[in-house]
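Shown below, as structure tokens, is a lone chain in the form predicted on its own; questions about how it binds or moves come after it.
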Amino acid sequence: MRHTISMLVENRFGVLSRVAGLFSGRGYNIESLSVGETIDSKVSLMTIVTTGDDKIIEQITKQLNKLIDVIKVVDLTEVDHVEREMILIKVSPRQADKAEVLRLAEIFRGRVVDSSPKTYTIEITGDEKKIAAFVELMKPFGIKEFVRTGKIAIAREGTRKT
């Protein structure tokens, strides 16, 4: 089962390396990883997506809590939360398809962030299913490349473990 783990960490040199080392040293895979400062520039929030059963996730959580510079670890899979990803996708539609590409971007509440005579670069934000659906719709129009962020997530206010 996929789990989204949220970690508050001290914003110090080597923290990311220690976290990644914990996963690789125990043979666990990180499917996505996103890190950014919080309101307090001395603290960062890491969002890690990994796979494992409840025992493995419990072990990962315990090991993460033991790391120096780790303030708090929460498995967001157990609480009501909001999650998002972002994709920048560059498509190269034929002239006849350009209006359809723009229409689909609008339906997905995306926006064109760059264009050239031959390409559009579109930004889409949403959950994993929305991103995947948009990529599938763009395939016939000629995807040149895309990049996507890892998942970011935040617990809803007043949530409790289920």
Partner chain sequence: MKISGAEIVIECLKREDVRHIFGYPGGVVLNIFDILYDNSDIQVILTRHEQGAVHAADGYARATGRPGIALVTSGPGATNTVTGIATAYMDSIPIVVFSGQVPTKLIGNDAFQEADIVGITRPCTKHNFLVKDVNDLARTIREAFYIATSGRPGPVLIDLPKDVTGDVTTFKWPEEVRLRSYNPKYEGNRWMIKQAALSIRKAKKAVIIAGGGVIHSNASRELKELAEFTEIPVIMTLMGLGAFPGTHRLSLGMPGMHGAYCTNKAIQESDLLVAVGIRFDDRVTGRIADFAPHAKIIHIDIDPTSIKKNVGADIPIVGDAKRVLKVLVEMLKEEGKTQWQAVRRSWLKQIEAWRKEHPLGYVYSDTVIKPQYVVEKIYELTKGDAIISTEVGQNQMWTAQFYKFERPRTLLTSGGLGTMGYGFPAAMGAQVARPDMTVIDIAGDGSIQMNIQELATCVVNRLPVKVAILNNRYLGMVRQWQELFYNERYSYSHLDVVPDFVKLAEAYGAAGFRATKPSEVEEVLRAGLAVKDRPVLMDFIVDWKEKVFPMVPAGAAIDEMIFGEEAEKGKGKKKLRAVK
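Numbering follows the first chain given and starts at 1. Here the structure is a predicted model, which means the values were calculated and not measured.
One more form of this protein exists, namely the form predicted in complex with the partner chain; it is left out here, but the text below deals with it.
Contact with the partner chain in the predicted bound form, judged as any non-hydrogen atom within 4.5 angstroms, is confined among 41 to 49, 95 to 103, 127 to 135, 111 to 119 to 41 to 49. Within this chain, I107 is remote from the site of the partner chain in the predicted bound form, having no heavy atom within 4.5 Å. The partner chain in the predicted bound form is approached by E58, whose closest heavy atom lies within 4.5 angstroms of it. The closest heavy atom approach of Q63 to the partner chain in the predicted bound form falls within 4.5 Å.
In the predicted bound form, V79 stays away from the partner chain, with no heavy atom inside 4.5 Å. When contacts are defined as a non-hydrogen atom within 4.5 Å, all of F13, S17 and I71 contact the partner chain in the predicted bound form.
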